[in-house]
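Take a look at this one chain, the form predicted on its own, written out in structure tokens.
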């Protein structure tokens, strides 16, 4: 019985992991149709913010919850103003530009910090479930994944800012005619998506360690989750993360992590073959 509880918790943790990795990308891609190929490097930047801040004496919680999202969000705003704003409606061009940005970020961070793994200790220790030990930090990741989705849902559904953002993405010409500064909305949306990515990078830093090339390990999972989920930011991310995370983790327990990653990719390919517009393009239409 204890083993099944541990397996269930690991499946929920895998779902939360995919939600955290892909939430910022879902905001940017789902609402703005911009492919940010530097998404993994934004995660990396959040991780390095936490590591350098804590080594400088900043409280770990402050570094993860405030400094990481704030610094990456501001960096995202700069990127949007200098690069992305010129590429709206040009998906291929935005992909190439952000791919170049990712290479630049990897090179710059490697030059500053070197190609070594930095890290901080995982907080809170572990808890016993029968004969097994489960990291308490897993529950922190699960809780923050739920908070991120809930926060985005509240903002988009119940606030004036969320209404303006949705209106701008659906019909920018009409929003502009009604007096909305759509360029500011795009900037804010990209900045918020980047900030959420920075928060995710800060949260995973105690688990994975931080290295300049760490984004390569996560960007594939994030893109698969977002594209499989479809255009809906919340419903798409949650549905695809739940399906892919559960199957991947179950396969990992049965056959090993390599087969778990292969199962995730296989399920995503089958889903995209059956549902080219993603899960929410067919099943949860008109959802957020």
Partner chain sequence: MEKSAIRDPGFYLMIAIGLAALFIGPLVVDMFTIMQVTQYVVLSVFALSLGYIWGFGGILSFGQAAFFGLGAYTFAVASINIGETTIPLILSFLLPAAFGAALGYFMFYGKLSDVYLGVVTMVVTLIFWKLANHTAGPEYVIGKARLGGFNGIPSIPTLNIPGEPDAWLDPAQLFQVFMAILIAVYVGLRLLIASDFGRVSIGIRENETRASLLGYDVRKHKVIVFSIGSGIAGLAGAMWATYQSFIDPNAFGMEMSAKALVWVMAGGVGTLVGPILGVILLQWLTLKLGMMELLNSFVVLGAIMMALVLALPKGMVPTLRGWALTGWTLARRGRGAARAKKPGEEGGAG
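Numbering follows the first chain given and starts at 1. In this text, all values refer to a predicted model and were calculated from it rather than measured experimentally.
Keep in mind the form predicted in complex with its partner chain is missing from the figure; the text below concerns it.
Novice: Could you confirm whether residue 154 comes within 4.5 Å of its partner chain in the model of the complex, counting heavy atoms only?
Specialist: Contact with its partner chain, no.
Novice: Do residue 107 and its partner chain come within 4.5 Å of each other in the model of the complex, heavy atoms counted?
Specialist: Yes, contact at 4.5 Å.
Novice: Just checking whether residue 97 would be counted as a contact of its partner chain in the model of the complex - the rule being heavy atoms within 4.5 angstroms.
Specialist: So residue 97 counts as contacting its partner chain.
Novice: If we define contact as a non-hydrogen atom of the residue within 4.5 angstroms of the partner, is residue 83 a contact of its partner chain in the model of the complex?
Specialist: Residue-level check for residue 83: yes, a contact with its partner chain.
Novice: Which one, 149, 142, 87, 185, lies within 4.5 Å of its partner chain in the model of the complex by heavy atoms?
Specialist: That would be 87.
Novice: Name the stretch, out of 233 to 241, 66 to 74, 217 to 225, 42 to 50, where some heavy atom lies within 4.5 Å of its partner chain in the model of the complex.
Specialist: Going through the listed ranges, the match is 217 to 225.
Novice: If you look in the model of the complex, which residues in 265 to 279 sit within 4.5 Å of its partner chain (heavy atoms)?
Specialist: Read in sequence order, the residues that approach its partner chain (within 4.5 Å, in the model of the complex) are 265, 266, 269, 272, 273, 276, 277, 278.
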